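One chain comes next, on its own, written out as structure tokens in the form predicted on its own.
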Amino acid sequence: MDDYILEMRSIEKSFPGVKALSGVTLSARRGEVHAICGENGAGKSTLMKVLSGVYPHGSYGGQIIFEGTECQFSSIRDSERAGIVIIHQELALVPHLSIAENIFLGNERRGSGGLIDWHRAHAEASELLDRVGLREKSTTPVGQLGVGKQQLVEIAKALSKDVKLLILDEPTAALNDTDSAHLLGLVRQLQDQGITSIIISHKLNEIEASANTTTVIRDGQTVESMDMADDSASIDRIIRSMVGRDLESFYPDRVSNPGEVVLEVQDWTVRHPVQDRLVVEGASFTVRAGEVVGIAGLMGAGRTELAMSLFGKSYGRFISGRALMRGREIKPRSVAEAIDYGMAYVSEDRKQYGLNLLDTIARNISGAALPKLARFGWVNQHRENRLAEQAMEKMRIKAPSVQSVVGQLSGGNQQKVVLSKWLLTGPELLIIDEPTRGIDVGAKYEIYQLINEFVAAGKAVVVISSDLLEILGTCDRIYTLSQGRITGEVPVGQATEENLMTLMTKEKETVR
């Protein structure tokens, strides 16, 4: 008989107006890496919240069998006592506390008299950091670490709780290739130590390389579980199971027909807002109507800083250079003025800069276009709701109504809300930073189609992405950035991952 550490049987979970899970089954073997795939809103994260006690027993139907015993977790603390630890996509770390303080937060190492034994805490934290391969002092504030290292701190925190089953929700979504490879290598090391890992991910190539078993969930139901060692297991099979159809191409076809120059940037230079250094230096580029222009660069190259500084000086200081929209110089001093000039910017961090997670879909969609919806200072709520409903239908946003709270939507649907918000402003130029980060393949395809529809209407798009395949699949021309400077301009027909990477890693002193 297979040695299953976990069995979830006929799990049912409903929210007002939505049935999130309908008879889901999941079985994970002891010591395996088990991947869960599905489109945004399929129910993956909901299932893991049921397992970890975020949704307590009594709020769902079905059974959880862990190590041969039926469990009824009333809280996260209950599941952690059993050896189940979940690491959410939004990391639960306190930036101003040290690594050691974060690792043992709520699980403090106490000595005589009930006081915290700091010597013991730092000694044990150092051992855990060695175990996850993080070469940082345990006294270092977590806020000084990059996202990749913070993920390792979360895993160290899980190991401090004698974890038997580790759940990672989109662990590599915000990581570069190097950090992703290190994290997945660590997961395999934990597997050698007998720890079972469940990974929710949209990066199917990583799943193919690291998972032993993959379970696909669609519309709140289990579609299939496949042994990744089987010859029939493949990315194409996973995609078919996820979306219920074949995707003949990851990127929809589009005929490029560039027109007049919509945006021209000349010698654009931006200083860091605090430090005395340049983050963008002498950047010049153009974007034409009916064209998608890509900006490719490694993390820290200045891609986001360039975009935000153009969009109403949202980033940086001592910005110099010229920006022209359809031949006329523009000098937007704020986001509101940038919108008036016909610009729109979809941030890479939709939850911090793109959305109000506590407000409704309707309020989020109307947020950037309120002057169009207001008269004498009052917003026409009927029109606001009607436009939001039209956007929901066009964008295929999955939610009960436009009054649904955005924070309760899946990542893909949240991204569609952000796009709807900016398209409602009627922009001539749309800048999209990491357009499909943390989004499933089906939702990605829909967003690529929306980009194509936008440029087909004679508008211009700039796509910033750390995914070179996405850049190659969506863009007409590609500019490369290295250390804040543009190092090349390549038509997509001449571009490859190799020659783009060569330009992206070009040293500053060799740039001509």
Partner chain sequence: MTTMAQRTDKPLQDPGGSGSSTLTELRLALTRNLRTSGIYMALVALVVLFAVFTGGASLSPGNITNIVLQYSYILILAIGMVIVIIAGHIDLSVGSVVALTSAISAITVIKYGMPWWVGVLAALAAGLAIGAWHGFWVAYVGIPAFIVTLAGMLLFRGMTLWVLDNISLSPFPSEYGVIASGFVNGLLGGYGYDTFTLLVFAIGVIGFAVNEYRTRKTRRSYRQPVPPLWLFAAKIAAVGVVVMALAWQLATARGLPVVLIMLAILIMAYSLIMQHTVFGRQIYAIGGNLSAAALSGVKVKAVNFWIFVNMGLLSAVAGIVFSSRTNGAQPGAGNMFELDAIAAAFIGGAAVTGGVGRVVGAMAGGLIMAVMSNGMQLMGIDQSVQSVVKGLVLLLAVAFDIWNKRRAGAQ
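If you're wondering where the values come from, they're calculated on a predicted model, not measured in any experiment. Numbering follows the first chain given and starts at 1.
Another form exists, predicted together with its partner chain; not displayed. Remarks below refer to it.
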query	finding
4.5 Å heavy atom contact, Ala181 to its partner chain in the predicted complex	no
4.5 Å heavy atom contact, Arg188 to its partner chain in the predicted complex	no
Arg237: touches its partner chain in the predicted complex, heavy atom cutoff 4.5 angstroms	no
Leu324: touches its partner chain in the predicted complex, heavy atom cutoff 4.5 angstroms	no
Which of 203 to 211, 104 to 112, 415 to 423, 145 to 153 sits within 4.5 Å of its partner chain in the predicted complex, heavy atom basis	415 to 423
Contact assignment for its partner chain in the predicted complex, among Ser74, Asn356, Gln89, Gln266, heavy atom within 4.5 Å	Asn356
Listed residue that, although its partner chain is not shown, lies within 4.5 Å of it in the predicted complex (heavy atoms), from Arg363, Arg218, Lys161, Arg288	Arg363
